[in-house]
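The chain below stands alone, shown as structure tokens; this is the form predicted on its own.
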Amino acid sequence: MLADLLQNTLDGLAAGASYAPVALGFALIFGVLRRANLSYGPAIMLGCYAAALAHGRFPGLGLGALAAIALLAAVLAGAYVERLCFAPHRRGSAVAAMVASFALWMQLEEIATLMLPRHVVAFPALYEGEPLAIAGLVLRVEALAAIATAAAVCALLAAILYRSRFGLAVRALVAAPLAAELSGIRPARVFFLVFALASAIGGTAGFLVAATDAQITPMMGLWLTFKGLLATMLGGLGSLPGAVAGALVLGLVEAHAQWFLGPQLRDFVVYLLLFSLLAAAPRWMRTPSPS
């Protein structure tokens, strides 16, 4: 029983680590723009489809090159979403921007299916060897890669936000928008770069998920959107540390719920946890900034 508990905990942490970068992207965009980007997951998916298309055309490309393609394509897709959905509504309705991003979700999904019409598309595996066995516990190399990547992304994002002029501009716009504009900061440029940064983070996460599963489907965008939003809401909207904590909690709850209650009730338990949190502490959803 103890061994099963430890194994499920490890599996849950690994799953949470794969959710964490996606949740960070959601939290970064919401914390700075005060807008929910429903096209975030589909933009990541489109990046993975671009990498899969490149792999089909040029089979000799290594994983590093495919990761770069997935990241670049996700950034371009994110820039497209920002220009069409969020730049026009920067001072307008948040609901209008969210609805527009939902419309682009459908568009990006259709582009992906036109690129590769098959429902399931093979993707190069990150690791094809046997998992590691330590003290009776099974550790997948892909899971270790997800944990290491999540830690690296968190460290890099913290350095960008708290040790660079760009990060200072972001925090100034969040804390005092009018004063930041009067001091010479251009909000449109900063918001665009925030979108690009969030898309790069998401592209990295999407590549790891696709390479771990060794396949992608058009449902990947929906899956990434739900997992990212759930983790972000569990941790508090706009909070970057909360996004990481929410992702880890989501992974742990899913792993243990599946073990004790079965896969049919796994998602039900997650939604029940979120509902209980919102009912008990509704202010949880009002985190003011990406702190």
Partner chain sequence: MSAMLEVRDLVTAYGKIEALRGVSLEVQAGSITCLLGPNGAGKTTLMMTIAGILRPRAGSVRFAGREIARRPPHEIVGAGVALVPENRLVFPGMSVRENLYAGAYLRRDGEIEADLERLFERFPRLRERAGQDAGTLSGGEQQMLAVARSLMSRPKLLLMDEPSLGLAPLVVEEIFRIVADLHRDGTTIFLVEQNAHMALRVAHHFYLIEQGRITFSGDPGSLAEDEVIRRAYLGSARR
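Positions refer to the first chain, counted from 1. The structure presented is a predicted model; accordingly, all values stated were derived computationally and were not measured.
The same protein has a further form, the form predicted in complex with its partner chain, not shown here; the description that follows concerns it.
With the partner removed from view, the residue among Val121, Leu139, Ile185, Leu208 that has a non-hydrogen atom within 4.5 Å of its partner chain in the predicted bound form turns out to be Ile185.
Checking Ala172, Ala152, Ala125, Ala159 for any heavy atom within 4.5 Å of its partner chain in the predicted bound form turns up a single hit: Ala172. The three residues Leu53, Arg57 and Ala68 each lack any heavy atom within 4.5 Å of its partner chain in the predicted bound form. Residues of just one listed stretch (161-169, 69-77, 208-216, 144-152) have heavy atoms within 4.5 Å of its partner chain in the predicted bound form: 161-169. In the predicted bound form, no heavy atom of Ala135 sits within 4.5 Å of its partner chain. Using a 4.5 angstroms threshold between heavy atoms, Ala180 counts as touching its partner chain in the predicted bound form.
Not displayed here, its partner chain is kept clear of Ala196 by more than 4.5 Å at the level of heavy atoms in the predicted bound form.
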